[in-house]
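Next come structure tokens for two forms of one protein chain, structure 1 first, structure 2 second.
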Structure 1
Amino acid sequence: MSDVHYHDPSNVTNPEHAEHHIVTPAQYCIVFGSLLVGTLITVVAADIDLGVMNPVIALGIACTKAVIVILFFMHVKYQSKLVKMTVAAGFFTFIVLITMTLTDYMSRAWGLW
């Protein structure tokens, strides 16, 4: 039995050896600026009384900033479809858990006990 190693040009066998994407410092500065703007929006939204929409707006802003961090700082944007699907599954699970929690919270008979 001989160990024959074939060339795999599409890196299907070893996707961890794929070519790395180089992110420029300018891209990091743009991402940093967008996160600062997101933080500013968070502070402004916290000062405005939006009623029952306060947690929804806060979670929306937080999720947007988290997506930016995951895509660029964690380099998911430049990874394989498998990695992107794994991250999307994590976000889907997060959204399901938040939805179930908020549904339970809103369904309670507040003030009747």
Structure 2
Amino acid sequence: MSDVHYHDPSNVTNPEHAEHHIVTPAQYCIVFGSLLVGTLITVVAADIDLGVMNPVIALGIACTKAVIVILFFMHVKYQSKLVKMTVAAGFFTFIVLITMTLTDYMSRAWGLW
């Protein structure tokens, strides 16, 4: 009998699914507010001359907002490890592709031939 419990190919006896979690409207309101504040900050920051930091700050705020949306609006914070790993793997693969392409691009002798 214990064999049956140990061998659990369909993941039922000892499920790894995350507890079903319902995000409350109050949490959504906080997320909504923080996204609006982020938008305000990024628009104000664009008006100030910060040299090379302007794009860095704009993209930093955009990434922060995206992470908030992914974690709460898209419920990834409350999902199983499988889903979390899937999301992380996707972004990781995207960064690998960008890095490899940029490595090639930047190491070429553009205009020097």
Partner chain sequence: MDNTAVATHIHEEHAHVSLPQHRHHFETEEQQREAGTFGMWLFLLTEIMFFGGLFFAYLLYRNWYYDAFVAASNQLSIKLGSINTVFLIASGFFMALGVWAAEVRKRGLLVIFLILTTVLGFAFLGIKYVEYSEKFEKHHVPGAHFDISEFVNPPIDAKTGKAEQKPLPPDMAAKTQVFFSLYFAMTGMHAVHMIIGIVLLFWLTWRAYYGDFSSGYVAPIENFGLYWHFVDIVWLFLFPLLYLINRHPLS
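Computed from a predicted model, the values in this text were never measured in an experiment. Numbering for residues begins at 1 and runs along the sequence of structure 1. Superpose the two forms; the largest set of C-alphas matching within 1.5 Å is the rigid core.
Only structure 2 matches the form predicted together with its partner chain. After superposition on the rigid core, the Cα atom of residue 67 is displaced by less than 2 Å between structure 1 and structure 2. Taking the rigid core as fixed, one finds a CA shift for residue 88 of 2 Å or more between structure 1 and structure 2. The shift recorded for the CA atom of residue 104 between structure 1 and structure 2 is 8.6 Å, with superposition on the rigid core.
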